[in-house]
Structures are given as C-alpha cells and as structure tokens.
Ligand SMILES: NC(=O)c1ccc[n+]([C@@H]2O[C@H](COP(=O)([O-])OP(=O)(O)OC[C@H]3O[C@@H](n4cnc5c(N)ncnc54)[C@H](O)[C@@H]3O)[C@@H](O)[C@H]2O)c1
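Given as structure tokens, the chain that follows is alone and in the form predicted on its own.
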Amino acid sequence: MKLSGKTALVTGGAQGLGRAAAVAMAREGAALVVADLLGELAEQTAEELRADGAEALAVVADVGNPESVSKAFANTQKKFGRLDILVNNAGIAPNRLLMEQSLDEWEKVLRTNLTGTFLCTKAAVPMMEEVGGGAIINIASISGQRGATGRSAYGVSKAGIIQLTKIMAVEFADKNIRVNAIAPGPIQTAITDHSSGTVENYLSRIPMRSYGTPEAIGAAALFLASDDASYTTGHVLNVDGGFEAAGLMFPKEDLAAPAGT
C-alpha cells in the first residue's frame, strides 16, 4: 500500500472533496484524521473509514480559529504520534457580486479558505519535521486562475492559496516537505446545486463535456501524497476536464468555413 504507516489529516474531511481524499488515502493504508466544523458528520465519516478497516479519528476544527486548529493537531499527535500528510481542503464558496459583497463575508471567506490553510500548515510542519518530512496538498480552484462573475472573495482566496503553495514549496523543500495544490473545475457533489443555465454554460466550455467527481480529486490527492510524486513540489494540478486550458471553443462545422466568414 502506498501510504502504509502514514497519518493524514484532511480538513473539511466529512463530506465532498475532503471525504473523497480521506477515502482514497485510507484505502492505501493511511490512518486518517477527519477534521471538520461539522462534528457529527466527521464522526460518521470516520466510522465509515473504520468499518473499511482503516484507523480514523474525527476532530472538530474551525480552521480559521488558531485555538481550534491547535487542539485538532494536538489530538492528532496524541492519537497517532505523527503526521505525514495534510490536505488543506476546508473552505466556503459564496457567490456574490463584488458590489454586493459585505466586508464581513469577504473576511470570513478569506479567513476560512486562505488563513485556514496558513494556520493548519503552521501546525503541521513541526509534526512532519519530527518524522523526516511529509506532503501538503492545498485545495485551490480554477476560480483562482480565471475571472468569473460572483467569485470575488472566493476567487481571491483560491488565487492566494496557489501563490502560498509555491512559497511553501520553496521554504519547506529543505525540510523534505513537498507542497502542491489541486485546482478542481466544476465537481458534482451531493451539495452541488447549479441551475440548468449554469450547467449548460459550464459544459459548453469544458472540452471533456462533463463535471468531475469527488473521486477524481481524491485520486489526485493520493498521487500528490504518495512517493509517486516524490519529485513534485510547487505544482498546481488542474483537475478540470480541460476547462482552464480552453478558450473559445468553436463548433466543428464552423471550422470548415473559409477564414474571415
């Protein structure tokens, strides 16, 4: 197994992309800490992992609160005695036009998504140093790479995560800690609630013509956490069906028309 003997902590691990990452890593032998603001749901996910034969601990964590983060990592140390992998996944994603964005909501998004990544990483690095290194995977977004309506706070927070990933990779390389990011495109989850118009707009711009799955993100996280990515750091892995790469996609019939028509 690729992660046998290692311990991974996944923030926002109770559901969605975080849960998928936790499941993928548990299946490859890792002990899991499911950290989430939703304690009951985190325990449910941890119980499901244990039922599949993995070691798992649920902890309640508000990633934007330093005391809550410290407690979660202290509980991890107490239970497993080590930390090898951190997935900074916890985040919130309100859609709001910039002129309608309140300062309170702006600051809450940045504190959860960006400051949460900062705080959890600072708590994780000393624990990883104790075991000779580790891997950090930050969940960014295509929204951190391209403009979109209503994504002011969210997009800025994810762009910040992308830059923070690169800085971390440089600063932690001599500690044998690799830091990479995953930038998902549109992903179908149990809580995805896109209108038919939004779905149509997405699919018209995605070369693979489909939404992704949480399992695709879990597989990417597993790769970046494992020795398969032993020489990969400071990288942003887009898992988006080609969404970020595509510009205007012409219908094939239009491509046969003479130039200039």
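Worth saying up front: this structure is predicted, and the values here are computed from it rather than measured. Note that residue numbering follows the sequence shown and begins at 1.
Same protein, other form: the form predicted together with the named molecule, not shown, and the subject of what follows.
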### Triplet G12, L37 and T189 all within 4.5 Å of the named molecule in the model of the complex via a heavy atom
yes
### Stretch in contact in the model of the complex with the named molecule, which is absent here, among 128-136, 173-181, 154-162, 74-82 (heavy atoms within 4.5 Å)
154-162
### Query
Quick one: does A140 come within 4.5 Å of the named molecule in the model of the complex, counting heavy atoms only?
yes
### Message
Since only the chain is shown here, I'm wondering whether E43 would be in contact with the named molecule in the model of the complex (any heavy atom pair within 4.5 Å).
### Response
no
### Message
If we define contact as a non-hydrogen atom of the residue within 4.5 angstroms of the partner, is L17 a contact of the named molecule in the model of the complex?
### Response
yes
### Message
With the partner left out here, check for me: in the model of the complex, does some heavy atom of V63 sit within 4.5 Å of the named molecule?
### Response
yes
### Task
Check each residue of 108-127 against the named molecule in the model of the complex and list those with a heavy atom within 4.5 Å, in sequence order.
T112
